[in-house]
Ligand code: BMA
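Here you get one chain, nothing else, as structure tokens; it is the form predicted alone.
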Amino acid sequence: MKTHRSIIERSEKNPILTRKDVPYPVATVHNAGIVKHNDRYIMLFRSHLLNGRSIIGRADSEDGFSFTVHAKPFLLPSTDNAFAEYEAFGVEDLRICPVDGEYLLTYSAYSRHGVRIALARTRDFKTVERIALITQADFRNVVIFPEKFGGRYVRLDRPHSELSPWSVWISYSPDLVHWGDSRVIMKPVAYHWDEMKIGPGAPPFKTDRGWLHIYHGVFKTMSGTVYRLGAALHDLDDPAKIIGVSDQWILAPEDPWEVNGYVPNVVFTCGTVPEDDGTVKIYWGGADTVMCAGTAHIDDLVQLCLTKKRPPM
């Protein structure tokens, strides 16, 4: 098995997308949801506009590394329905969750009331239907499992709390609108690479040994915070049960565009694409400024969760 220094092989094309690739004025390109749809890779990326607020753009690729950006943004803050009040300050960090033949889109909606999670759906990435605002403030990083469990949808999320380190919770829903039975299932570890806070990253994907979830963890240093990526393995039948969490990170800021940028020392994922050859493409925002990609062997990540693991809480 590879060490944590090489478990993810960075693409030679990194950064794979920058603001220079976008045909409309933006300051950044980062934190993108990714999915493979009709043999094409669809990237829904976040960009800061020149007023500092965020929108979601779309880029397509044949190989998962060379992307072409569409002429117009994919998702703008709503202005004409019940979502408008809660998206007034921007839409951010979208995840693409394939469920029941469609794609559920979860994203952060910012407003003067704080940040909550909005849910939308699409089948073709041409039309988008907003479904509901599925949390109150302050929630971030909601990802939905690709399958139902006991007839219910299941999600991972990260509510904000000053009483306990930011942790990963699980919630259930019969209809995507009403969520409950919530409980914490994974917490940071003191004086560990993710001790300050953790949060869901990319939507989990199925392996022979469990649901593999790439998450982010944050460590506070004397010169600021460092965002890294880790891996956790959830039980196939009961996703609230975590089989193992890798004790070591799988990706850390190293390249210049990850160490320096809008927010220095950040690698942050919102999307992965598992491939038929046993590899997975992992995508991350570098320093909240550019998009990057890399490839890992799924078995390597699974074994890391099984053999070099720490307790989930």
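Please read all numbers here as calculations on a predicted model, not as lab measurements. From 1 onward, residues are counted along the sequence shown.
Quick note: we don't show the form predicted in complex with the ligand, though the next part is all about it.
With the partner omitted here, the residue from 29, 266, 251, 43 that has a non-hydrogen atom within 4.5 angstroms of the ligand in the predicted complex is 266. Although the partner is absent here, residue 93 is a contact residue: one of its heavy atoms lies within 4.5 angstroms of the ligand in the predicted complex. In the predicted complex, at least one heavy atom of residue 197 sits within 4.5 Å of a heavy atom of the ligand. Using a 4.5 angstroms limit between non-hydrogen atoms, residue 140 touches the ligand in the predicted complex. In the predicted complex, the ligand lies within 4.5 Å of some heavy atom of residue 227. Of the candidate stretches 252 to 260, 266 to 274, 62 to 70, 35 to 43, only 266 to 274 has residues whose heavy atoms lie within 4.5 Å of the ligand in the predicted complex. Taking the ligand as it sits in the predicted complex, the stretch 282 to 308 comes within 4.5 angstroms of it through a non-hydrogen atom at just one residue, 288.
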